[in-house]
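What follows is a single chain, given as structure tokens, in the form predicted on its own.
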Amino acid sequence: MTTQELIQVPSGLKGVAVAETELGAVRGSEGFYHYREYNAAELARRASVSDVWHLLVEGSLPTTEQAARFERQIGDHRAVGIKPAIIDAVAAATSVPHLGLMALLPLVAPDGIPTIDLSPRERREAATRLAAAVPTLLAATHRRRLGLDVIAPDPTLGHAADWLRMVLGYEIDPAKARMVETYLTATIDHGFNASTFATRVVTSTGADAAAALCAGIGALSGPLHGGAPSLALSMIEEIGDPGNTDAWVRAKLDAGQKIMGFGHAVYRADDPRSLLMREVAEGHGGPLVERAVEIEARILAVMRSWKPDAVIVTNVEYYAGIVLHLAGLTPDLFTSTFTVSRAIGWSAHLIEQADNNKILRPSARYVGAPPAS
């Protein structure tokens, strides 16, 4: 294809469909997103992580018998056979858990068989095994970095409760486990975001499942994608009294800085995940939640007066940070918790891409100095 034949697309591929999917979609103008044929926010209110996981990788919500079998399978897969000395070495050599995860995840399935050489059922097994190992590896890396003992997974617990238990080191109040389960379920998948696209690009090369998931982890590590919940919580703490909000926000806007937790690349109506997380936070209650609600209203008022023609909404990160904090997680674990969730979505996209694969190989338009002829 010559330079003249290249298709001009928007910067960042915004609005460009690069693949077809049956897993779900985001309808930003309506403030709606779905997993397959189900309203995703409604599923998050009532379903477990494993139920939605089954929906995405198997194509349907499970029956009672299927749900029990699938949850046992996930629980068994949370056990990893990596030697403690290796985990210790990785934890000592990496500054944040997701870097350790990228080093350790390929060791869960060290054969490294390309997805192109696996049967559909084998690909499902490989993707599910790796996604299930993510919380175990993140928790182990986090605890060893702090000099704490590793907590072995408990296959009898749900995915959210076991993640909290492994990372915090104690049995979790069911109400707090449910708060995190709602968050995990609500954030499993969300259209063709950067990490999902990265996972599918690597899958399209026929690479092994761990390589594809590590691509997603790398993309999610960027603060513009996976790090905002901790930044939004820090913002609330920095503002302090809600009466300080207007001056604080205007100073940031004058300096050309982003207000974390506000605005979204897709939504032009309320982000349903934000509404859900606010609902969860208000269900818990307390001074922090009350302060956050008032600060949110003031921030929106300032930003809308600043850009009256722009559609500005609160995104999921604003209340997600509060929910995770209330559940007992520290800000350095927020991106890891997002990774526990999103790894499930990546695994489903990996399976879908590999089942009907065509390598994703776009072009770039050269705009540098003319080459010598």
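So that the term is clear: the rigid core is the largest set of C-alpha atoms that superpose within 1.5 Å between two forms. Sequential numbering from 1, following the sequence displayed. This structure is a prediction, so every number in the text was calculated from the model and none was measured.
The same protein also has a form predicted in complex with a small molecule, omitted here; what follows describes it.
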| item | value |
| --- | --- |
| Among 102-110, 157-165, 73-81, 298-306, the region lying within 4.5 Å of the small molecule in the model of the complex by heavy atom distance | 298-306 |
| All of Lys258, Gly263 and Glu317 within 4.5 Å of the small molecule in the model of the complex, heavy atom check | yes |
| Contact residue in the model of the complex, from Arg268, His284, Arg291, Arg250 (heavy atom within 4.5 Å of the small molecule) | Arg268 |
| The single option of Leu146, Leu224, Ile86, Ala175 touching the small molecule in the model of the complex, heavy atom within 4.5 Å | Leu224 |
| 4.5 angstroms heavy atom contact with the small molecule in the model of the complex for Arg361 | no |
| Exercise: Arg365 in contact with the small molecule in the model of the complex, heavy atom 4.5 Å | no |
| Interface membership of Ala68, the small molecule in the model of the complex, 4.5 Å heavy atom rule | no |
| Non-hydrogen atom contact Ile312 with the small molecule in the model of the complex at 4.5 angstroms | yes |
| Core fit, then Arg46 C-alpha moves 2 Å or more between this form and the one not shown | no |
| Rigid core superposition, Gly59 Cα moves 2 angstroms or more between this form and the one not shown | no |
| Is_shifted Phe32 between this form and the one not shown (CA, 2 Å cut-off, rigid core) | no |
